[in-house]
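In the block that follows, a single chain appears as structure tokens, in the form predicted on its own.
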């Protein structure tokens, strides 16, 4: 991790964020290299075994949706030691996303603000990319995130992609996509889930919108969770990036991710767990970058955790680092899930 922080990250951070991201993609496209290097990124410990949406995973660290939007690099990303990797978010039709600039680094906070707006090559391209993985040994559980603004389009993405992965995550909470919040209305969410359930055969996750306690949105968001429970959703990802204004973005607002979100993520997980008990699994997503923070999320009631921004700031050994620290904490403090 030190090599990345001292050499690679300073070089990448001299570039515009999306340029650096595309350069990283070029490296991830060398699947053969990551297969050779893969054993060096692993950390195995029986204590770390967990589940995501009821699916057994080797450790509780997952890759959040948004890093590999077109599902091109999951074969390489799984070599980094993740318990599961999430591709997408995939939409039915290709989308250019929002105008640039649309990503800003907040280096002093180890954070990002993105207003990407689901840029991607669409369902057909994603199907092509994921189909190539059929012969690739599966070292991590594979989840695909899907979204859109039309129920029929989302249902088609779900139906077409579900046979090629282990579970589907519905993203109803990106703050950067016009029209997406329609599914944060209870009746619309129920209609979406009812449509998806007609062809569902594998676990379903829903990525919920964030809220801050005391600001009046907690009950509204928890009600969405109740609908998910009633409609047999297996897991909730808590939660998405937090809307924030920034003059450096072409659209003036984006979603904040990274370290500033951690404390609020823990509070949301505690609230969800108090509300739903063990009736639905929770994936903690937002601000986690260390084994200690992962431990706190598990202690708060999460079954797994998801990272993305910390991968950008800390590099490819972040998963191994989190799992090593988790192993020490499990040994010294006990299993936080008991």
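Residue numbers count along the first chain shown, from 1. Everything numeric in this text was worked out from a predicted model, so none of it was measured.
Keep in mind the form predicted in complex with a small molecule is missing from the figure; the text below concerns it.
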Practice problem: Would you check, heavy atoms only and a 4.5 Å threshold, whether residue 142 touches the small molecule in the predicted complex? | Solution: no
Exercise. Give a yes or no for residue 287: in the predicted complex, does one of its heavy atoms lie within 4.5 Å of a heavy atom belonging to the small molecule?
Key: yes
Quiz item: Taking the shortest heavy atom distance, is residue 82 within 4.5 Å of the small molecule in the predicted complex?
Solution: no
Self-check item: Proximity of residue 294 to the small molecule in the predicted complex, heavy atoms at 4.5 Å
Solution: no
Practice problem: Name the stretch: of 120 to 128, 194 to 202, 220 to 228, 234 to 242, exactly one has residues whose heavy atoms fall within 4.5 Å of the small molecule in the predicted complex. | Solution: 234 to 242
Quiz item: For the spot marked by 24, 74 and 315, is every residue within 4.5 Å of the small molecule in the predicted complex through some heavy atom?
Solution: no
Quiz item: If you check 167, 151, 189, 112 against the small molecule in the predicted complex, which one has a heavy atom within 4.5 Å?
Solution: 112
Quiz prompt | Single option in 155, 266, 249, 116 placed near the small molecule in the predicted complex, where near means a heavy atom within 4.5 Å | solution = 116
